[in-house]
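Coming up are structure 1 and structure 2: the same protein chain in two forms, each one given alone as structure tokens.
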Structure 1
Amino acid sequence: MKERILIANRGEIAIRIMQACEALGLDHVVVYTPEDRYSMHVRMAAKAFQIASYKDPNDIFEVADHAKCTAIHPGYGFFSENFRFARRAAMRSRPVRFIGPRWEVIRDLGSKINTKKVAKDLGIPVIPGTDRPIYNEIEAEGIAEWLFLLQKEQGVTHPSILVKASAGGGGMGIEEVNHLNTFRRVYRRIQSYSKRQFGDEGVLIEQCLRDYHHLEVQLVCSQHSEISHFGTRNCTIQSTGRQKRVEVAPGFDPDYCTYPFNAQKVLERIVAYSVKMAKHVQYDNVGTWEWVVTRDGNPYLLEVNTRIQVENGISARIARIKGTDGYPNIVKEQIRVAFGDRLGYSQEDISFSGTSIELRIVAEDARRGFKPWCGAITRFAPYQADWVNVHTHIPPDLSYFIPTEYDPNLALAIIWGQNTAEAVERAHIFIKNTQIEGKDSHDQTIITNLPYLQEKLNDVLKF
């Protein structure tokens, strides 16, 4: 029986999964909500099924059964890191393959507490603090005191710590403490919040890092204990809501700017640490190890994303696999290994060339706290060149109303240059020559983050 994949996502990632399926000769179907009926991912699909919500597992599995799908690709967001969904896919009376790591791996690495504990056991550096929930106020204050003393020894000018609800996520239940004498009050407040919101009053305490870069390591692993990495990327330029806006691969470039540490050694360290942890947990699909690197060159593991990421394309764009044409497609690799294929290459077969930049084009007002813009796009004409790839779900031939139910992401532009300076120059050219027109319900002109992206390009990779 021919494999058939249900694409349980929307927008540009649904289109990229669709294209990967076609390259592999696999059937696919898509789902969509009423708000997305004009999206290009629906118009391009051979078969599309309307559902009430991308977040309803019953809707997803009902379509999978009706369309006789053998696998589900969750994309990113929604069910991509939901181990219960992955477990249900594997254990139901009519199993379907979940395209991602084993559900046990998603469960174990989905917990930041457990990830931190595993990392510490392996000698991998993590941000100083607790690796388990703290319920006792006296113990908590002792940990806080130790963290303040540690920062004093490090020469931190304005030491602070973060108090977090251990069951929280997405920035919920986090407060910063700047003085030990205010710790107990904040601890009690977070503990009360955590119990009220999550039913668990456990609290995490860790050092607050300020001056750092956010780096990632892209891994592709198979079910045959094969592990390869596709380098590093820098995702430091983010909105106030910690949403990435400009990403660059590789993660540092000492030929483009100077660093107060040996940048190449730091990149080699975080890659080696990421591979070490992947081997330990027997990771078996695509994954991203997220790091922060401080001004003194110290790396700390943040978390592991057990899914494909939006910015996988910039890692692929600078990579070459010996014996193949062009650059790899990491979404395609993810699907292959999920069906049990071997990688077919080793780390020695992977080489890197140039610099790649991803611009996330969003309908938002960066000057007003990245406030989303809502309205209709009447013209979307991204600049075209052989050094840029644009991923978008916006139709080129009709007005597109941005659904208020989802983030107003418009497109991703992946730009390549022979070096960082050329990539930055080309990114400026792309922004300057990209045309986006639209009006809201008050006849006001569309607002996008293109000016913000233009400004931030001057900061890429720099400390």
Structure 2
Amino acid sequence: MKERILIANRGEIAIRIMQACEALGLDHVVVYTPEDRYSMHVRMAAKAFQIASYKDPNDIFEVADHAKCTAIHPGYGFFSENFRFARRAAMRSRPVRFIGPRWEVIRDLGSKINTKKVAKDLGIPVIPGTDRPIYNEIEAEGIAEWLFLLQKEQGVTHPSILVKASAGGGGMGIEEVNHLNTFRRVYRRIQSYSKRQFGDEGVLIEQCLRDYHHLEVQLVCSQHSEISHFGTRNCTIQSTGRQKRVEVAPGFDPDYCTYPFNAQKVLERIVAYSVKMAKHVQYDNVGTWEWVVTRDGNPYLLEVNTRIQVENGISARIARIKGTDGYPNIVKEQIRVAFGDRLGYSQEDISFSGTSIELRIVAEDARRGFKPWCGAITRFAPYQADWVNVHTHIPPDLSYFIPTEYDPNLALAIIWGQNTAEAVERAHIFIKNTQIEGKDSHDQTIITNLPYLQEKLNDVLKF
């Protein structure tokens, strides 16, 4: 029987999964909500089914059965890191393959708390703070007090802590506290937000590190104990809500700028730690190990994302696999390994060339706290060149109203250059020549983050 994949996601990632399926000769169907009916991911699909919500597992499984799907690709967000969903897919009376790691792995690494525990056991450095969700306000305040004292002992001049929704992700549900006397108010706000958004009011509290870079290691592993890495990424440029806006691969480039530490050694260290942990948990799909690297060159493991990452494309763009043409497609690799394929290459077969930059084009006002812009896109004309790939779900031929239920992401631009300087220069060219037009309900012109992205390009990879 031919495999058929249900794409349980929306927007550009649904399209990238669709394209990967087609490249692999697999059938696919998509689901969508009423707000997304004009999205390109619906228009490009051979078969699309309307569901009540991307977060409704019953609707998704019902469509999977009706459309005779054999696998579900969760994309990123929604169910991609929900081990209960993955377990249900595997254990229901009509099993469907979950395209991601085994549910046990998602359970163990999908939570920041478990990840911290496993990392500590393996001697991998983690940020000081809680390693379990806190539900009690008094206990939470005690931990906050301890973390402020710890920073005082470290001589930190402006100590602060982060209060995070333990079930959160993607930069949502995180607030910084600078004084102990404001802790309770923030704790209550995050607790309430967490309960509403994620159904769990557990909160994590940790030391807020300053002056650091946010790095990632991209792993691709198979069900045959094979582990390969596709290098590192630097995701330091983020909105105030800690949402990534510009990503670069590789994670550091000593030929482009200087670092107060041995950058190559740090990259090698975080790759080695990530591979060590992947081996330990018998990781069997694509995954991203997220790190912070402080000015003194010390890395701390943040979390593991047991799913395809938005920015996977830049890792692929700088990689080459010996014996194959062009650059790899990590979404394709993910699907292949989920169906039990061997990788078919070893780490020695993977080489890297140049620098790739991803620009996340978002309808938001970067000057006003990244406030989302709501309205209709009337024209989206990204600059075209052979060194840029643009992923978008915005229809080229009709006015598209940005759904208010989701993030106002418009497109991803993946730019490549032979070196970082060229990649940055090309990114500037792309931004200058990209045209986006639109109006909101009060006839005001669209606001996008293109000026912000342009400004931030000067900072990429620099400490």
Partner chain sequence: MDIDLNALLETYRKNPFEDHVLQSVHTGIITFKVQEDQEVHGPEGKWHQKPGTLLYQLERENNIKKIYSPCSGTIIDLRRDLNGSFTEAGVDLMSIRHRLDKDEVIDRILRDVLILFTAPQRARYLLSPEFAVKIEKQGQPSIQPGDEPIIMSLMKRDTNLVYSSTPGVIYKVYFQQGALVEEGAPLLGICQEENLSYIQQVVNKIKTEWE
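Predicted model only: the values in this text are computed from it and were never measured. Structure 1 provides the reference sequence; residues are numbered from 1 along it. Take the two forms, find the largest set of C-alpha atoms that superpose within 1.5 Å, and that set is the rigid core.
> Which number, 1 or 2, marks the form predicted together with the partner chain?
The form predicted together with the partner chain is the one given as structure 2; the other form is structure 1.
> Indicate whether residue 149 shows a C-alpha shift of 2 Å or more between the two structures, with the rigid core used for the fit.
It does, since the residue 149 C-alpha is displaced 2 Å or more between the two structures after the core fit.
> If I superpose the two forms on their rigid core, does the C-alpha of residue 257 end up displaced by 2 Å or more between the two structures?
Moves: no, less than 2 Å.
> Does residue 161 show a Cα shift reaching 2 Å between the two structures after rigid-core superposition?
It does, since the residue 161 C-alpha is displaced 2 Å or more between the two structures after the core fit.
> Using a rigid core fit, what is the CA shift at residue 186 between the two structures, in angstrom?
It moves 9.4 Å at the C-alpha.
> Keeping the rigid core fixed, work out how far the Cα of residue 134 travels between the two structures, to one decimal in Å.
Comparing between the two structures after core fitting, residue 134 shifts 7.5 Å at its C-alpha.
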